[in-house]
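Take a look at this one chain, the form predicted on its own, written out in structure tokens.
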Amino acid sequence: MSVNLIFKIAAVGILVSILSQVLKHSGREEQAFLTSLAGLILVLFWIVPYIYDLFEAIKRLFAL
């Protein structure tokens, strides 16, 4: 995993947090929730390949 991915995740978290707070204070709780959900899904799409590689490595390790 590269440091670049960690910075991307942090940037998405900061952006989603700011957008969510702005939307909540303007009375749009539904859009704030959808923004948070979209940020979560985006980060999950970035992380899923690394989780898959981890499980494959564990499977190879115990398939001695």
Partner chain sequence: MDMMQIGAIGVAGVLLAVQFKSGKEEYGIYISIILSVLIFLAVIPYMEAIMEAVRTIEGYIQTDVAFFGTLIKMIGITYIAEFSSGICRDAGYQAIAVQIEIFGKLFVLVLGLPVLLTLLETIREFLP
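Positions refer to the first chain, counted from 1. Model, not experiment: these values are computed from the prediction.
Quick note: we don't show the form predicted in complex with its partner chain, though the next part is all about it.
Chemist: May I ask you to state whether Tyr50 is within 4.5 Å of its partner chain in the predicted bound form, using heavy atom distances?
Modeler: Close contact exists here: in the predicted bound form, Tyr50 approaches its partner chain to within 4.5 Å, heavy atoms only.
Chemist: Looking in the predicted bound form, any heavy atom of Val22 within 4.5 Å of its partner chain?
Modeler: Residue-level check for Val22: no, no contact with its partner chain.
Chemist: Looking at the partner-bound form in the predicted bound form, is Ser36 within 4.5 Å of its partner chain by any heavy atom?
Modeler: Yes, Ser36 is a contact residue.
Chemist: Taking any heavy atom pair closer than or equal to 4.5 Å as contact, tell me whether Phe45 reaches its partner chain in the predicted bound form.
Modeler: Taking the distances in the predicted bound form, the answer for Phe45 is no, it never comes within 4.5 Å of its partner chain.
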